[in-house]
Structures are given as structure tokens and as C-alpha cells.
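Just one chain is shown here, as C-alpha cells, and it is the form predicted on its own.
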Amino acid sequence: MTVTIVGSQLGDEGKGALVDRWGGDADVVVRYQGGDNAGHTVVEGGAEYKLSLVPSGAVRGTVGVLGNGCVVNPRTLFEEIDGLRERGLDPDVRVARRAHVILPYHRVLDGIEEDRKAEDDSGVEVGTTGRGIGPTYEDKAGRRGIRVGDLLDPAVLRERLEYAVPRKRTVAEAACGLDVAGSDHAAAFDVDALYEEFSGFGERLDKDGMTINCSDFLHRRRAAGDRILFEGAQGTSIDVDHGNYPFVTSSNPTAGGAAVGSGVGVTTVGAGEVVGIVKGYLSRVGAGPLPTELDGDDHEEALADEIREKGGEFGTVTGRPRRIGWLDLPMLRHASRVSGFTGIAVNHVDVLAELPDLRVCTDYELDGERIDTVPTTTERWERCDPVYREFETWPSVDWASVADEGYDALPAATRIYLEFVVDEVDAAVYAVGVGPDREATVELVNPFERTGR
């Protein structure tokens, strides 16, 4: 059986907590896209684990796989693995040989590109993490990338570097105006230095038996009866195909990406559970439209500050404060349709407790017309005015007791809020997050225990 976890908004929905919780019932947890731009915070017994690349299931002792749809920075990978081992864990992480490698020059070029967009009024500043994700996917599509499998063969690695590095140096110098030799980035464009470092990563990957033929590996595990959980990074509205382009990531966080990014067939992924993770409000790091953003007056800004502080809304990877907005149902409808949610998990309802007011965007007004989903172009989305429904807020309660007692122990106003969202998205509530810890979850359905799919 398979379960696919999908972010239904703009990322930061709390996917890691659900992956961690249900990952305990999985035998294999697979990241199918993205790289170390995806921050997951997992809390267990009060201990906090901040992961940006290693699959969240590593904290539960399950096999973690970085699929072929991922882009992998070996520096980050081994830093995280070594950090988990120092804390007494023993993560079992496998990496697809077809996954592409983030090289230091990708990060340099990423930073230059974003800086130039920020300085140029005609450019679109996306607000990337600067981790080299986009440039690596560009090289993948341009057929000049270096894959994990290439790190295992020194001759092939040197050949690939000798082809790619001079071209990247030319781009940095001629197009971006960087004086490579006179900068702090000279080593990022030095074939010999890169070869020495990354062939070393290849030796460690090989020695530790970490690399796999991802499709074959997962096929055999599933044939043996293993349960597989697919973990998406980021969220639907920053999907490169289905998000608000160009304010998007460079891969597909939606459920279809699980098949492409792992080599597991669409009939297998589609026959399993697809759970959309929803935050009870919205947050966003970086630029791009946010129709329900709380930034209109002093009252809204105070609300945003309160939610931000209570919810810890600061980027796991960047530390940047996130923009805050009310829950946006047109966004959720779009996410459910694109990925085919069988259920949803709604997180952070505890953060909304005791707010002076509470709203949900039910539709948009665009050019005099009411619409119930996200427009296809960013320019039209920017012109949308939210149509709100107001809800009664709820008191702060003993959320740990609520998690123990179950759904009926939630405040009545919280249940009204949740049931409204369920009706609008047309997917059952599987879980409700009432705190950051794995146990601070009201679980109604364990997707691995559902029958009939």
C-alpha cells in the first residue's frame, strides 16, 4: 500500500509532523522532489529535529529514500546524517542514482540571479532559498547535469565536470559580471577542487551502500509487502506546473510528482491514499500573490504578528518571517483537484485559539465575477479580492488532553470550522494538529489502515 503526503497551500503546512506520525507505520519513506530548500521540523518527546533533506521518517527509524526527482546536495546530506547520529539516531538513507547533484556553482548562480532580480524592476524576485535548487533543475532539463550515479565513477565525474564547469564559469563572468578568480567563489568553478570533494562523496555513498536504482528498489520492497509513504516538499501553489508561476519552486510537489520522482507507476500511487496537509491559516515565505494576507491596517498586522509568534512562522531553512493570511478555500479546492485528495489533515488549530476574529476566504471577486478557484495566471490572481465568511473563534484549552480524548473533545467552534472546510474541499478529515509534537494530533483515520483502496 502507498500513502502520499502533499502540501495543499504554499509549503510550511506541517507535513513533517504527519509524515513522522504515519511514517511509523511505513517501511519506506520516499522524498520524491525538491532538495535542501525544504524545511521539515519534527518534534518527538520535546526534542526538535530540523531536517531539510533527509526524509522525515528517519526520526522513526524507517528507511528513507531520496528519489530520482530530488536534487541532492551531498554536503547537506552528510551533515544531517552525521547530526542525527550524534543525537543517538541511526538513519538509513538511500539515494537514487538518477537524482541530480547540487554543485557549489549552482548555489553561486542562484544567489546572483536573485540579487539581480531584486535590483532590476523588470525582474521577478521569487524569494528563493539560494540553495541552488533552480539552477540544478535547469541543468537537468538542459542535459548538462551531474547525477548521483556519476559520483561513483571517477572517470565519468571528471568528464562531466570538465564539460559543465567552463560553461558555468562563462555564465558567471559574461552574463552575471562575476570576477570568479578574484572572488570568494573561485573554488566553486575549479574542476580539480570539485572533483576532489565530490569524488570523496561518491566514495562514501558507495562504501555505505546508500545508492539505489530507485524504481527497482521500491518495486521489490512493495512486492515484498512493504508499506511506502511518499513525502512531498513545498506545496501545491508553488508547483512549477500548477502553482502561481513564476513564484514557484522548480519541481512538482503535487501527487503526480510521486510517480515521476520515484519510478513507482501512477496506477500504484493512484490506488493508494493521497492526504492533503492544510494549515488552519496561510503562510508564505518570499514574494508572490497572497490575496488573504493580513497586512491592510494596524489591526491586521497585529493579528499577523500574533499568529506568526504563536505558530513559529519563521522559515526552517532561511529563518525568514513568513507572511500570514486567512485560510483560502479557492487555493484548497485547486489543490484537491490537482492531486485527488482522499483525505486532509488540518494543522495549527491551536494557534487560532482566542484570536479577536477569524475569517475564511470562500471565493474571489475578479473583474466583477465571483470565482471559486485560483486563476491560471499570476497577474489575474493578484487582482483577486477575497470574499470572506466569519467564524466564531474558540478558547485555548488543554490541547494535550484533546489529543488524547479525540475529535469530540475539540471546542465546538473548532469542529464547526473544520466541518465547513471538509464540505468545501470534498475530502474527509484524517487528522487535526493541535501542537507541534507528534502526539499533539487528533487522529480520526490512519491512512495505512483504510480498506477498500
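Everything quoted here is computed from the prediction, not taken from an experiment. Residues carry their position along the shown sequence, with the first being 1.
We do not show the form predicted together with a small molecule, though everything after this point is about it.
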Touches the small molecule in the predicted complex: E13 (any heavy atom, 4.5 Å) = yes
task = Verify the contact flag for N347: yes if a non-hydrogen atom of it lies within 4.5 Å of a non-hydrogen atom of the small molecule in the predicted complex, no if not.
result = yes
query = Taking 4.5 angstroms as the cut-off for heavy atoms, does R389 touch the small molecule in the predicted complex?
reply = no
Contact flag, G24 vs the small molecule in the predicted complex, heavy atom cut 4.5 Å = no
key: One residue of R94, K140, R97, R322 in contact with the small molecule, assessed in the predicted complex (non-hydrogen atom, 4.5 angstroms)   = R322
inquiry  = Using a 4.5 Å heavy atom cut-off, which residue among V425, V43, V402, L418 comes into contact with the small molecule in the predicted complex?
reply    = V43
